[in-house]
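The chain below stands alone and is given in structure tokens; this is the form predicted alone.
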Amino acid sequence: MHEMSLAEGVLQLIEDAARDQGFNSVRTVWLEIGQMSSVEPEAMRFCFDAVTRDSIAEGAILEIIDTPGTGWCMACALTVPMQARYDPCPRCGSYQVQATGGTEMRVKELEVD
């Protein structure tokens, strides 16, 4: 379950931001998770709750924003929606599609005290 190490990374980002910006607690964390990122949102929620115990983010609400997958089809020369990395272009059926979005995970925003 790689979500545990990802949740630990998110907590590290939060703790670094708290040191830099001087806040004492976190109420809400908005986390963008790309549809093709291989991160399972429910596993991420479970792991986030586990790693934030006894931390500045204990009890924080984790809001997950699902980011759709997109890719550049070399045959069509268009940006197309993608469900999975190795899917064909939904327009022409070509497999020459380069993922351009929905592969990332990032902390978008924090609500803090």
Partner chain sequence: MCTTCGCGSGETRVEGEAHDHDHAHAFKPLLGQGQLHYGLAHRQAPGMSQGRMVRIEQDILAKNNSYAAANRRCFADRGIFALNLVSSPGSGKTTLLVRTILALKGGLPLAVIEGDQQTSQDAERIRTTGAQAVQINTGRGCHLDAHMVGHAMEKLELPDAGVLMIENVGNLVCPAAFDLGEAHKVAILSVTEGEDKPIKYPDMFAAASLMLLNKCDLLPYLDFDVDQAIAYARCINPRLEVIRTSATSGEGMDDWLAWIMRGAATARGQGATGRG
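Residue numbers count along the first chain shown, from 1. Being a predicted model, the structure only gives us computed values, none of them experimental.
One more form of this protein exists, namely the form predicted together with its partner chain; it is left out here, but the text below deals with it.
For A17, a non-hydrogen atom is located within 4.5 Å of its partner chain in the predicted complex, even though that partner is not displayed. Remark: M44 counts among the residues lining its partner chain in the predicted complex, judged by a heavy atom distance of 4.5 Å or less. Mapping the unseen interface onto this chain, L13 counts among the residues with a heavy atom inside 4.5 Å of its partner chain in the predicted complex. Under a 4.5 angstroms non-hydrogen atom cutoff, its partner chain in the predicted complex has E58 among its neighbouring residues. Taking its partner chain as positioned in the predicted complex, none of the residues of 65-82 brings a heavy atom within 4.5 Å of it.
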